[in-house]
Ligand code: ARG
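Single chain ahead, written as structure tokens, the form predicted on its own.
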Amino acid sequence: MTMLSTRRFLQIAGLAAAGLLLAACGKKEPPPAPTPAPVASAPAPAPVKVYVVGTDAAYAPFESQNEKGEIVGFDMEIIKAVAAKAGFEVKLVNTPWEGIFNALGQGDRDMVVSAVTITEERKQTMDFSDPYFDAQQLIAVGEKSKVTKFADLKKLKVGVQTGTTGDEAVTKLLGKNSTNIKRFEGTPLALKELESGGVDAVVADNGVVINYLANNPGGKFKSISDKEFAPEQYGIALKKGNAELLAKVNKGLADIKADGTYDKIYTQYFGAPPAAAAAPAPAASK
């Protein structure tokens, strides 16, 4: 190798070594940051339970249908308030009275909220919530009728709604096979029959009778109370053995009574809180 070539080689080698040295002394790049672990998302809230409520929506002011077909009334306001307190929702289904308890027993309805009187007989096949309304039967007659008490109906034609406690009371008075008992699918139909003269009297739940008379002043009716009619209470009916739902309903009822919601709803429909309206109580039951 010539002297020039050797020198040139050494220069090049020296430059390369200096470059490597400078690179080694330069600032080191930080290692890449580790990829963060994915944040676990919060579990989705459990869906709100929806219970199907059967009601015979032909029983104003407790349950009826408005012009939009919506089911409205005192009972509906109560069960919605109970559901809100107890943390569930309700789906209201219009259900004929004649089959309403069969629908409950078969599981097609989770509850029946339809001015249902609590009776010992009914307790054999269904469970009831704590009572939420006091009630009593009432007699409706024409304004010129001479009827003054329940016993006066013994020889008259009497209209009742099939399967109600009014039906039971009249059956005891007139006899099981009496042809003078005229049974109807709903109390308003029985009262229409009274208006047309097809029956002499109607025995039904007092809240419904009072509501009907107030909204049909041209019918020329009057109402008669009788101490012979035992006081009644009604509750929310549930399928036998559904203890979980029964506990929820009773808790909701207790809560709306404690915070004033119940009194507010009662006053909205009957003009006064329960204590003030108790004599006579404009209540109802079936």
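Residues carry their position along the shown sequence, with the first being 1. As the structure is a computational prediction, the values presented were derived from the model and not from experiment.
Another form exists, predicted in complex with this ligand; not displayed. Remarks below refer to it.
If you check this ligand in the predicted bound form, you find a heavy atom from every one of 59, 116 and 165 within 4.5 Å. This ligand in the predicted bound form comes within 4.5 Å of a heavy atom belonging to residue 122. With a 4.5 Å cutoff on heavy atoms, residue 97 counts as touching this ligand in the predicted bound form. Across the options 230-238, 249-257, 213-221, 44-52, residues that bring heavy atoms within 4.5 Å of this ligand in the predicted bound form belong to 230-238. Residues from 192-214 that approach this ligand in the predicted bound form with a non-hydrogen atom within 4.5 Å are limited to 205.
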